[in-house]
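Given as structure tokens, the chain that follows is alone and in the form predicted alone.
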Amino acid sequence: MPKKRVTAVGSAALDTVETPHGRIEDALGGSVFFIGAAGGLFAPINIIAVVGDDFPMNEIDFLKQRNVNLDGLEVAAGTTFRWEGHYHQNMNIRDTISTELGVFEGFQPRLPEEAKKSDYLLLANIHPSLQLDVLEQMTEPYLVAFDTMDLWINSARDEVMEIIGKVDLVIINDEEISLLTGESSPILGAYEIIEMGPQYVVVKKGEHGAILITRGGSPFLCPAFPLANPKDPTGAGDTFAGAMMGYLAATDDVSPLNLRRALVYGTITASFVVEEFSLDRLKNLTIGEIEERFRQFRSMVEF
């Protein structure tokens, strides 16, 4: 049986990033490229985004060999979305130096027919009105996952609440849960989100892993894979979400146990992306390397 497909909508960008380990300029960034590079290792991915006519298309040739369909990547006249950030010695803390939206400012997602028919939909972090538009274009998705950020919770709260009531899985971090629900406890906040409609909530905790909350089930705590020398955390959350959704589509199984396994595969894959800048580590990552680290991870948490 052919693997189910994932459609992912989000940003495509060129990033300038400085961390204590170095600096890169105009490197691949944006949610859809991390999602495609990670999720495409597990299942076919359709990405929906926009770039300017200044974008170096040869930089994403590797995605074509990784089950990533680029038909939904629009090339518009103008400049590509650019973001510049600086990470502190503690790389949980970063400063945004500049944001230039370029063609992303007028982005109106248009889904190719194949993308509309995907069983799995990942609404990555863009304006919730665009996420709602994409959801309405889908034929009949089996599982819809939704990511957001503090900016949209603060500036477009009604739309964020509307879409939460229409999705199956919410991916969110501690700060966003607190903004959304007023709860200081991410666990209590996640259960409050469950009451809004979704079946599942994934709480991202960065270097401390993730928590899966399911309707009627017990929380599942997934630690992060320990790394001694991470270089660049940019894109780790999108890599996590892309691998998790790719694994779910590949197995076509959203049982409680398989959701836990998907969380682990997302965590493992994200542990690779932070080892190098941009998508450099994902470009040559293999499923065999992921499986080997999965086995290491399992041995670490057994007791």
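Just so it is clear, the model here is predicted, and its values are computed rather than measured. Don't overthink the numbering: it's just position in the shown sequence, from 1.
Just so you know, the form predicted in complex with another copy of the chain exists too; it's not on screen, but the next bit is about it.
Note that among 158-166, 114-122, 94-102, 225-233, the stretch whose heavy atoms approach another copy of the chain to within 4.5 Å in the predicted bound form is 225-233.
At the 4.5 Å threshold, heavy atoms of Ser129 stay clear of another copy of the chain in the predicted bound form, well away from it. Another copy of the chain is not drawn, but in the predicted bound form it has a heavy atom within 4.5 Å of Val264. Contact between Arg260 and another copy of the chain in the predicted bound form is found at the 4.5 Å heavy atom cutoff. Contact between Lys205 and another copy of the chain in the predicted bound form is found at the 4.5 Å heavy atom cutoff. When you look in the predicted bound form, the only residue of Thr139, Ser218, Gln108, Asn154 with a non-hydrogen atom within 4.5 Å of another copy of the chain is Ser218. Taking a 4.5 Å heavy atom cutoff to another copy of the chain in the predicted bound form, the contacting residues in 265-303 are Phe294, Phe297, Arg298, Ser299, Met300, Val301, Glu302, Phe303.
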